[in-house]
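Given next, in structure tokens, is a single chain: the form predicted alone.
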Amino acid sequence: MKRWVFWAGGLTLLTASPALAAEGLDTGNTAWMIVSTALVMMMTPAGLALFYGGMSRYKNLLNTVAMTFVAYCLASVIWVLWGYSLAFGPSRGGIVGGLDYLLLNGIGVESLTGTIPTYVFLLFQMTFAGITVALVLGSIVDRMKFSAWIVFTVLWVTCIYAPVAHWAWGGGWMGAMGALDFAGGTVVHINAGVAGLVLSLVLGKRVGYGREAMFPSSIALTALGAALLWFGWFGFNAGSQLAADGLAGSAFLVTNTSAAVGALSWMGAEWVVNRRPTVLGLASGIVAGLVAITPAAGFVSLPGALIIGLVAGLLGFFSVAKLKGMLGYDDSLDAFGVHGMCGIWGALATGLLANPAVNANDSGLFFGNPGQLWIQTISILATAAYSGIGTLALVWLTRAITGGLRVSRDDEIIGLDGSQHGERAFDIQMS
């Protein structure tokens, strides 16, 4: 009788729970990926909005937040209409996916990608598209028309982000070549950093740049944003394993380690050069370490993470404090200096430090596979070239559609919160 009760109960449970009965579906992996998706989603309209908003001037804080919000909203809609299909549809010559999944055609609640529902997978990938285009914003805050940013975002997600995602993750030529990008060193950070640099060069320097102080509106908001980014990045990197397993745990470990070491090395460099550590430097070092470990998170061990974070903090500080001044470009919030430069370092470091003890199928130069470094170099150069040239073409197209990219001089001096939105972030009473 007990056996009959046991089997009847089990049969009832399976019948009542399609998730448990579905062949190939792993509910543990699915739960982890839903959480990871929510973590990465939080990174853009919460973490990045605060991080960038706090670094912008007080008269442009709301505009920075609005441009971050609208970038994520547009990417969310584009992704489910055609972006996912272009990135993950059946490959067209290894360059871009087809339109087989237009409006998510052919994908239903029973569809699986690996052991998780395809809906969960595509939503996870959607959050990557949203944060990537929002990162570009850091190079051009204080001076771009809100309307032009909307048009540019639609074009860029469609024409730049989706193809590069296909190259690396959707069955394209870069993945077939053997390029390693666990969570977005090329697809996200190099792609966004180079695009931001191009856009900042085309728009030109801010009014008063180099002649007047441009103080951040709130370092406290930036620090809070960095903390939220750090927290969300665990979904970004560990979630990219698409499973709740040991490799996801390893990615979690090296992500946290690289972020911590990046913060300490940036702080140390700043302390030596400027004689004082700053909260902004600590926050920036955290992000630099996170950026650099992103492509390597599923391939390197703890010693590799220590090296990657250490170099990322030093490289990020040098790029922001020295390189920008040497080259004379106005990258408002240092999107290229942190994301572009540290993304390049992370992709190269993957080719150096990929450890077969972590991921048995992949090894780098220091573990007997010098060819991997060459493959990583090709992927970096190809991503930078396509993003740079493609972004320049889209800038011209955006200008033709909107009649101009940059706000007027008067609007820029007044501030974009007032001139673009009719609002202000702080109710400051002048005595």
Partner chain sequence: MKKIDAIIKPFKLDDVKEALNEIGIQGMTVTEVKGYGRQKGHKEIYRGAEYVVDFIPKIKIEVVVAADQAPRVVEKIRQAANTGKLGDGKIFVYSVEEAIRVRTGETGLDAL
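Given the structure is predicted, the values throughout are model-derived calculations rather than measurements. Residue numbers count along the first chain shown, from 1.
Absent from the display: the form predicted together with its partner chain. The rest refers to it.
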field: Heavy atom contact within 4.5 Å of its partner chain in the predicted complex, the stretch among 97 to 105, 72 to 80, 124 to 132, 327 to 335
entry: 327 to 335
query: Heavy atoms within 4.5 Å of its partner chain in the predicted complex: does S284 have any?
result: yes
field: Heavy atom of V109 within 4.5 Å of its partner chain in the predicted complex
entry: no
query: Is there any non-hydrogen atom of V320 lying within 4.5 Å of its partner chain in the predicted complex?
result: yes
query: With the partner left out of view, is A213 within 4.5 angstroms of its partner chain in the predicted complex by any non-hydrogen atom?
result: yes
- line: The listed residue (M67, L405, M55, V40) that reaches within 4.5 Å of its partner chain in the predicted complex by any heavy atom is M55
- request: Please pick, from A357, L253, I219, V207, the one residue with any non-hydrogen atom lying within 4.5 angstroms of its partner chain in the predicted complex.
  value: I219
